[in-house]
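Only one chain comes next, encoded as structure tokens, the form predicted alone.
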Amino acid sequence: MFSESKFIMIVGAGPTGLTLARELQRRGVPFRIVERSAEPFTGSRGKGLQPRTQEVLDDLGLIDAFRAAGGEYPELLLHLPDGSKMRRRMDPLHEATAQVPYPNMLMLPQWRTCALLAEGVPVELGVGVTGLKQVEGGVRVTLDSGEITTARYVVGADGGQSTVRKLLGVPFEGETHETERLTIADVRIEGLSRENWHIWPDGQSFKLGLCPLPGTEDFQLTAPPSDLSIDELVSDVGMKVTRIGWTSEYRANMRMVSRYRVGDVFLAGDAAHVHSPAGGQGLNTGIQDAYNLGWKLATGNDRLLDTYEEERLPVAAEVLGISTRLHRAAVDREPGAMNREDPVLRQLSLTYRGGPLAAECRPAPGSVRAGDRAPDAPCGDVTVFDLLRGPHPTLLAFAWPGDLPHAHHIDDPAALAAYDITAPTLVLVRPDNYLGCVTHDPADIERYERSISPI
């Protein structure tokens, strides 16, 4: 389907756009990725990668590089007004299991996430989009350089102020709370331990937070609005700033679109939904938008491309609700507002059950069903994740009595238990590692494979 003259234009080289570029690149699909900024992003911003996002990075072959660059979220150290100190964790550390190899959030600054994703990706910096026109067989794109080109598809991954979304005329529905702001900065602090995330409380809220960023000498500073400068905020708690890097002021902005697709143009990441940073959901949801969309774009299958909105829009709405509730708890100074123990935040329970690509064909399904994330599990000398890694769909034959071409036969009792399978069962895992079709009949697999095949 895709020739060099039929390429996909990705607008925006943040985590979402770069993940999509990686997805297309490994499938040999021609693309261009343009970024209006003349330089790569330099700030820490979204610094947490949830367990499900780490599984995406595993599939992309990047997890080792990310884990080498990042680190676990440190324990909080609260510096109390009376001079005493208290330690606590927002979420207890979880032990890795055969089903969940990456159970905890991984911390690394957003600029590092972008840099790792961008390795080997030909990003065109300093190139913005000024016009879009849907034409037969694609989208005519006007760039701010004056170049006019025609892409087969365009994906707007250009952030909360998305030019693509505005050119499409898609409303960004929700609320902005102008009075709820947060100062964020990357700073270096003289003599402050990097073993903890330091918090100076102010009643039920806080007046200053300093979180060490792995792989750097920096701390991410967070503070409520103040008449004090960053130097003064830090000196007020007895510390000294030696360097101030990227700074930003966050406004409480909770918005999303009601359409992810307009003709041959798609929206993803912050261009489609913006969240409070509470709970560490925004960047992760954007990466998983790209993970859902990439393999579908590569097929050119129009009906399959419609399922991107059908699957991801409800996810964004749910995640927006979760992060907004956590934000409101912090604003209202509710007890326990900093707790992050809810397992939903890890995004492992996200499911497309009942959706357009969830073919649960068993009369008596178990607890793991079509639409769910594929758990990892032992499989002889390898694991299920080893079998899934790559751009392909994967057929798993659990306790299957005969030979089945192109299937991976799995009889390990631990794997059957992980998938809650007690009878011979076929599981077709989608390229984004969600269960597509689960059945006892090979004919169901054949029909499903045809439905997700390239045109």
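Each residue number is its position in the shown sequence, starting from 1. Fair warning: this is a prediction, and the values are worked out from it, not measured in the lab.
The form predicted in complex with a small molecule is left out here; the points below concern that form.
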{"item": "Segment assignment from 294-302, 125-133, 78-86, 211-219: heavy atom within 4.5 Å of the small molecule in the predicted complex", "value": "125-133"}
{"item": "Among the candidates Gly282, Pro109, Pro375, Gly371, the residue which, in the predicted complex, approaches the small molecule to within 4.5 Å (heavy atoms)", "value": "Gly282"}
{"item": "Interface residue in the predicted complex among Val29, Val34, Leu426, Val56, criterion: non-hydrogen atom within 4.5 angstroms of the small molecule", "value": "Val34"}
{"item": "Interface membership of Val11, the small molecule in the predicted complex, 4.5 Å heavy atom rule", "value": "yes"}
{"item": "Exercise: Gly70 in contact with the small molecule in the predicted complex, heavy atom 4.5 Å", "value": "no"}
{"item": "Proximity of Val155 to the small molecule in the predicted complex, heavy atoms at 4.5 Å", "value": "no"}
{"item": "is_contact(Thr150, the small molecule) in the predicted complex, heavy atom dist at most 4.5 Å", "value": "no"}
